[in-house]
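Have a look below at one chain only, the form predicted alone, in structure tokens format.
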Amino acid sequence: MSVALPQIHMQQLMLRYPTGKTAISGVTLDIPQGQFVYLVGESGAGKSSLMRMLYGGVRPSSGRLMVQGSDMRRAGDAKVRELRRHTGIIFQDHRLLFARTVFENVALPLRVQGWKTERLVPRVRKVLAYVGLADRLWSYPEALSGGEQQRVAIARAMTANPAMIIADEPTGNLDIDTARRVLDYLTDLNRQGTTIIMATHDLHLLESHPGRVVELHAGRLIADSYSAQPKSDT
């Protein structure tokens, strides 16, 4: 019986910036397809740096990083662009295009992939309905609340059915109820087979939304465990 390769493989992974700062130091970790992984640790622990390497925002300095079969140290620009077409990215600050409507923001990944309008329109409508924003298609981001903007960012990340979603502090600026709804969406996507890798400081969310917890400190992996399943009411 063959064993499937991990979707992400790290071996003694290092990242040192040109300033001389070491952001990631000797991390060895495998993440299989379909896991929900929380990256935790204090500010400056290396969470964002690690996530940037996963989508090719920065290249590893040494060690090995394989993402969906691609060697991220040696992958050319074309390979990185291809990888990003199969990766949804949710930034903490949303990074929405404020001069474009909600519809246009969510449609952007599909336009990059060359989707035809007759296929693109129903897909965008479907994902916006999924995150409860079917009535805000033609609104501009500045007219939305912070929670609504984050839901647009989730819709944009999921619109092309990515194999993996990378979310950097997606609940960081949200109230607890909105944060839990965001986690509900990501958990639902995970149940459908999408790998979710999420950096967070909101550790209380793990009580209601358990997953694998990978903890970094000063760029090093210091813990790898699973949060407990929530107790059911009886």
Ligand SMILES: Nc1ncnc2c1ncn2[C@@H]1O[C@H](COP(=O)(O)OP(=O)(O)OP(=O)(O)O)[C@@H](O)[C@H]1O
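Source: prediction; values computed, not measured. From 1 onward, residues are counted along the sequence shown.
Note that the form predicted together with the named molecule isn't included here; everything after this is about it.
Though the partner is left out of this view, residue 23 does reach within 4.5 Å of the named molecule in the predicted bound form, counting heavy atoms only. Within 4.5 Å of some heavy atom of the named molecule in the predicted bound form lies at least one heavy atom of residue 43. Put simply, residue 35 is far from the named molecule in the predicted bound form: not one heavy atom of it is within 4.5 Å.
Residue 49 belongs to the set of residues with a heavy atom inside 4.5 Å of the named molecule in the predicted bound form.
Across the options 171-179, 185-193, 35-43, 60-68, residues that bring heavy atoms within 4.5 Å of the named molecule in the predicted bound form belong to 35-43. Along 183-204, a non-hydrogen atom within 4.5 Å of the named molecule in the predicted bound form is carried only by 201.
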